[in-house]
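The chain below stands alone, shown as structure tokens; this is the form predicted alone.
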């Protein structure tokens, strides 16, 4: 199956390709006139509603343009910080672009309980059907940003299952072992290619 990922983030496309390509699917960015599709991100209560809205927009924008054996993939994720009542959550992208990582660290200055969770929802639409999978990665917010790998909040998120490094310090392979997005995509891969009994 040819899977068109509706995102402008090349890191996300690479992560999806690493998981889905070995199963015989070809993941590539969804481009219209050579450019990524501009999706309006609704300010919804949860990341699942955002993902569903993105899928509806992508399906509408490409109506009649994609052939059979093709699918559209969308994904939404968020960082949910316990001591901030789940903030920034579904507003993670907006918050990162406005106050940045330093803004989150400032909000948490002096806070001892630093638990947080990355959550992702991946939705695949094809031939009128929809498959959905979610993934999560528990961890803590560091006191300083560290590492230049990954993107988003990776330099301030230390995964619980790691060795104390932030996601920004992990290699792409190491990150894929614990990533919320990788888990959501692996769940989708199992729905697409159920394990034989």
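Numbering follows the first chain given and starts at 1. These figures come from a predicted structure and were not determined experimentally.
Only in words, not in the display: the form predicted together with inosine 5'-triphosphate (ITT), which the text now covers.
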Checklist entry - Though only this chain appears here, would residue 122 touch inosine 5'-triphosphate (ITT) in the predicted bound form if you measure heavy atom gaps against 4.5 Å? => result no
Checklist entry - Counting only non-hydrogen atoms and a 4.5 angstroms cut-off, does residue 83 reach inosine 5'-triphosphate (ITT) in the predicted bound form? => result no
Checklist entry - residue 154 near inosine 5'-triphosphate (ITT) in the predicted bound form, any heavy atom under 4.5 Å? => result yes
Checklist entry - So, in the predicted bound form, is residue 41 in contact with inosine 5'-triphosphate (ITT) at a 4.5 angstroms heavy atom limit? => result yes
Checklist outcome for this item: Counting only non-hydrogen atoms, the one stretch of 127 to 135, 22 to 30, 144 to 152, 60 to 68 within 4.5 angstroms of inosine 5'-triphosphate (ITT) in the predicted bound form is 144 to 152
Next on the checklist: Suppose contact means any heavy atom within 4.5 Å; which members of 54 to 76 contact inosine 5'-triphosphate (ITT) in the predicted bound form?
Outcome noted: 54, 75, 76
